[in-house]
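One chain follows as structure tokens, the form predicted on its own.
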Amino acid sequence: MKILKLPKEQLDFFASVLQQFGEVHAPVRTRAGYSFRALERWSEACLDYDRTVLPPKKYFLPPRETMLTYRRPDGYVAGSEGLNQKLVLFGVHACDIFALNLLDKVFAEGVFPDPYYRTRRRNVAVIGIDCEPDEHCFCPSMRADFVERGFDLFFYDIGDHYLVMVGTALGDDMVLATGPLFTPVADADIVEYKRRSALKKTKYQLEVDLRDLPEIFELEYGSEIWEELGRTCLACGNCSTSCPTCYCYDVQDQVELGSTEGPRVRTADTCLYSQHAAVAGGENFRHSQASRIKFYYYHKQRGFVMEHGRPGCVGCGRCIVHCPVGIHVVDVINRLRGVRDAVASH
């Protein structure tokens, strides 16, 4: 991995160079919070944001997409809207890049890779940037506060410059396209990077113990906590919609009565919805809200570990921020461990 530095005063020029690699999207302040959007001008970008409302996942797994259009007896035509568009996501946090690496395991590296996801992953460049944690972040506990792959470039603030890690050949091409703009790091830059890295570790206010967590979940399968959460949860899906690793979806053929043609549409879904586990004949394998929210936690903190070796959570804090009834993932996990009032001060 190549490591260089870039003067902050040259960042806008670098962003203009990036346009030859694709349409540049970055976090923009909106009335609802921060959102990744196409930039009309570089001054719109807010690189010091805490978190976006929706994670960058939306570029790779759109909330709604047409997978194909079918017509009898001709067959079908695969959907292609937006698949070949070249994009550059500038300012993605480490936890969100880590989440994309987890989604890669599901949609790009499995036995049956998803061609839509894989195509978008190839056509979207990712430029990461370091962040300042707030009271909702616990990514170090989930081992997601630092990433070694999944990005083309990654920026670290070291004062008047950014220390820039080059992660791919595409990232190297971006650097080369700017001429002499990027320069080698000096000893003082390394010292400053280490100082800021150590300081950042002291700013996290939340912590989760991952040790033997799958076993704890197995032992607490019948805990009264799940009934309590079931009475509290509104099944709104905010936690799942804003989660950078939730990937449940539903597929439906949308055809009018008497017609033999129409689109096959994939839409985002969540195990918290009452119909998620419903099957033909009227059976619902998770008929109560308590069983659904339990499944939500078990899949992330136990099932994902059993299948992929780590939890399906990156500690971004979005589910904490967006839950309208105050369900707090860290509090739930700590209570299952027998640690009560663990986040009362937050």
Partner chain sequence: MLSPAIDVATGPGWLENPYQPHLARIVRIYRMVPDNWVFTLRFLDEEIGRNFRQQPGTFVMLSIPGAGEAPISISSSPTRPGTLELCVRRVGRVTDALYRLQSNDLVGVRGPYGNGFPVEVMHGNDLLLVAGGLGMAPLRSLLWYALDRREHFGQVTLMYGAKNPASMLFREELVSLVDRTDINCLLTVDSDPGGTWKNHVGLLPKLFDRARIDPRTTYAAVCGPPIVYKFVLERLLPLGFSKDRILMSLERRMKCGVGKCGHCSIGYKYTCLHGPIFTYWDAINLPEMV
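These numbers were taken from a predicted model, which means no experiment stands behind them. By rigid core we mean the largest C-alpha set that fits within 1.5 Å across both forms. Positions refer to the first chain, counted from 1.
Not pictured, yet referred to below: the form predicted together with the partner chain.
Peer 1: So which of Asp253, Glu215, Asp160, Glu207 gets a non-hydrogen atom within 4.5 Å of the partner chain in the predicted bound form?
Peer 2: If I apply the 4.5 Å criterion carefully, the residue I get is Asp253.
Peer 1: Go through Asp269, Glu220, Glu227, Asp134 and name the one with a heavy atom inside 4.5 Å of the partner chain in the predicted bound form.
Peer 2: Contact residue from the list: Asp269.
Peer 1: Counting only heavy atoms and a 4.5 Å cut-off, does the partner chain in the predicted bound form sit next to every one of Glu9, Asp12 and Gly237?
Peer 2: The answer is no; none of Glu9, Asp12 and Gly237 reaches the partner chain.
Peer 1: Under a 4.5 Å heavy atom criterion, is Asp130 part of the interface with the partner chain in the predicted bound form?
Peer 2: Output for Asp130 is no: heavy atoms all beyond 4.5 Å of the partner chain.
Peer 1: Classify Val166 as contacting or not contacting the partner chain in the predicted bound form by the rule of any non-hydrogen atom within 4.5 angstroms, answering yes or no.
Peer 2: Although the partner chain is absent here, Val166 would stay clear of it in the predicted bound form, with no heavy atoms inside 4.5 Å.
Peer 1: Find out whether any non-hydrogen atom of Lys58 is located within 4.5 angstroms of the partner chain in the predicted bound form, and reply yes or no.
Peer 2: No, Lys58 sits far enough from the partner chain in the predicted bound form that none of its heavy atoms falls within 4.5 Å.
Peer 1: Although the partner chain is absent from this view, report whether Arg149 comes within 4.5 Å of it in the predicted bound form, heavy atoms only.
Peer 2: Yes, Arg149 is a contact residue.
Peer 1: Just one stretch in 316 to 324, 28 to 36, 293 to 301, 41 to 49 has heavy atoms within 4.5 Å of the partner chain in the predicted bound form, so which one is it?
Peer 2: Looking at the other structure, the answer is 293 to 301.
Peer 1: With the partner left out here, which residues of 75 to 107 have a non-hydrogen atom within 4.5 Å of the partner chain in the predicted bound form?
Peer 2: The stretch 75 to 107, when checked against the partner chain in the predicted bound form, contributes Gly75, Tyr76, Ala78, Gly79, Leu83, Asp104, Val106, Phe107 at the 4.5 Å heavy-atom cut-off.
Peer 1: Core-aligned, is the CA shift for Gly179 between this form and the one not shown 2 angstroms or more?
Peer 2: No; that C-alpha moves by less than 2 Å between this form and the one not shown.
Peer 1: On a core-based superposition, does Leu257 travel 2 Å or more at its Cα between this form and the one not shown?
Peer 2: Where the cores coincide, Leu257 still shows a C-alpha shift between this form and the one not shown that is 2 Å or more.
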